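Next comes just one chain, in structure tokens: the form predicted on its own.
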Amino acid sequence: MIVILKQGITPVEKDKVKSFLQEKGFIVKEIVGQQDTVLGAVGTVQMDIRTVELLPGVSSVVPISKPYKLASREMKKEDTIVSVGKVRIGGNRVVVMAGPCAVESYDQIMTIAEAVRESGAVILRGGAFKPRTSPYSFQGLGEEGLKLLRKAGDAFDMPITTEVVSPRDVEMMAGYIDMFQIGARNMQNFELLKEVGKTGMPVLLKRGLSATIEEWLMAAEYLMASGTDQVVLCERGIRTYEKATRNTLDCSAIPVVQKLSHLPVIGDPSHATGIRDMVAPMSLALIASGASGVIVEVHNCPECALSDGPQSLYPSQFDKLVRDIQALCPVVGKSLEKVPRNIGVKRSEGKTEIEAQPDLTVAFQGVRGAFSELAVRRSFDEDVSLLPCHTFASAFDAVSSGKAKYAVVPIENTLGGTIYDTLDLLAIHPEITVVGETLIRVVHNLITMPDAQMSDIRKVYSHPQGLAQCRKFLSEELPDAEIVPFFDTAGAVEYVAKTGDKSIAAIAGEPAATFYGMKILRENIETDASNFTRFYVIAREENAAIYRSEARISKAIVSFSVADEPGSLIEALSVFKDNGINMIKLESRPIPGKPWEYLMFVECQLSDADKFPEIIGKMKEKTVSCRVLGTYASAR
């Protein structure tokens, strides 16, 4: 059952409710949601729920209809975010796990770990105990394999995951790894599930070869009932009549499970297909289906691999795959999980220790629920402190003064073009640099009071661009409604919420509707679905390296001015051409206080970031002024 507590419940009352349920024989889990705090009570106890409803501090009691209680969406409405070291799985992020099928030697695991970390993997996988169909196949290096995997994880600052096969190995393995992996053949090894669950550690639970979705979720229930709530589900293909592939990857299970359960779901295209050439397209299919990540097998010499060589990607293939996943992420409303590498990671008693970081504040322009806030969420963890700013200038000032360590500001929209305020502010803030970028797909919705219907709407508020981008919907669906421009899309939702008037509506994104407790009456109402906004992440120079860290620098933005002479601009730009630099954006802006003089802004792609300072040196010889405004990893 779900016990919904009153908002004003005291700690004493809450403890009494917990004690009452535990004394009756229930396993009790407290879940703090966005709106309510609830207690999940599961067990085989039969009792009249009215006895619980009468307890002080209890608002209501709702029975759970699903056989999997703790794993069900009934128990917890919000998505669970599973933490594995510094990596978080679930929510609006896509996590890439990679490594060899089996750990074979020190040189092998270190080589592969370095390659996948460089390409963008954030969790290292590798088998130490290998359940094989044939008793004569390579069974893994056992505990020695765990030691090698741990060394590689520490060397490249990656949490590690590996499969546990026997209940008797659980305690020993817990001292080496960050995440247990339950293989398909052991999904219903209930004694193993109980032992792993008792550790309270994160668990990657693969779907069984012929398991139904309900059986899969019931296996997760064993883990959760035994003590861990950090469970990640993994779709790895099911056994069907088809022989062309090793298994049949059930992408349709991803959205189904997400409706039934709050647990994150990832996919394993390597074991699903068993064929190297199919891994990349199936990885993209999983992400398109809504998966929170993929776990991929990579080997530096697949033809020599002791296990599953034919399905292991070469490092170069994996590198391309990560880039393709990153390009797909904005389309599905997610971002690729990136974790800065920390060489100074310490371990004691087999556990990773990560030094606590001070509170991180990130500024953005707009009110809560704005698309800019969504861009912050795609670039940083959910627990960062947010600083909404009324103007772009105040967001820059917050970073400049140290009030915020970073800010996320828009630079370009595919329909509206360049946001010139951002360029102008970069020009007058020499202490600020661009350290990253992120893409947000702009999806507009008609947002109203919870009890409103289409027939009630008389006015529609939104930013002028939002109104323009939904012109077709407004003319066809609400031809008689008054269209009212507003300073901000999310601000329009905030205004409607404050009025409580069901005759007015706002056009904005889903986060704004969620934040202000409003209803999305119509989804995806924009005329052109190819509507993306690109955002810069900015910081003071002294904080730039922290964000960039291990990111692959592939883009730069440069500002410069040239003498008022024939051919001066061409000479300056020829430096890029002569050095193989591809310019992807060129803008000019007036220089304040210097009539008819202009500052040029160039975005360019870098094939070799190490050589870029030398190229800028040549650029300075051809210009009056020249400054690198930032170098960063591309979001596309």
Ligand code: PEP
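Sequential numbering from 1, following the sequence displayed. Fair warning: this is a prediction, and the values are worked out from it, not measured in the lab.
Omitted here: the form predicted together with this ligand. The next part is about that form.
With the partner omitted here, the residue from 488, 437, 178, 268 that has a non-hydrogen atom within 4.5 angstroms of this ligand in the predicted complex is 268. Among the residues 183, 264, 153, 369, the one placing a heavy atom within 4.5 Å of this ligand in the predicted complex is 183.
By the criterion of a heavy atom within 4.5 Å, residue 405 is excluded from the residues contacting this ligand in the predicted complex.
For the chain shown alone, residue 96 is not a contact residue for this ligand in the predicted complex, no non-hydrogen atom being within 4.5 angstroms. Among residues of the shown chain, residue 236 is one whose heavy atoms approach this ligand to within 4.5 Å in the predicted complex. Remark: residue 125 counts among the residues lining this ligand in the predicted complex, judged by a heavy atom distance of 4.5 Å or less. The partner is not drawn, yet in the predicted complex one stretch among 214 to 222, 475 to 483, 268 to 276, 429 to 437 has residues with heavy atoms inside 4.5 Å of this ligand: 268 to 276. For the stretch 206 to 233, the set of residues having any non-hydrogen atom within 4.5 angstroms of this ligand in the predicted complex comprises only 206.
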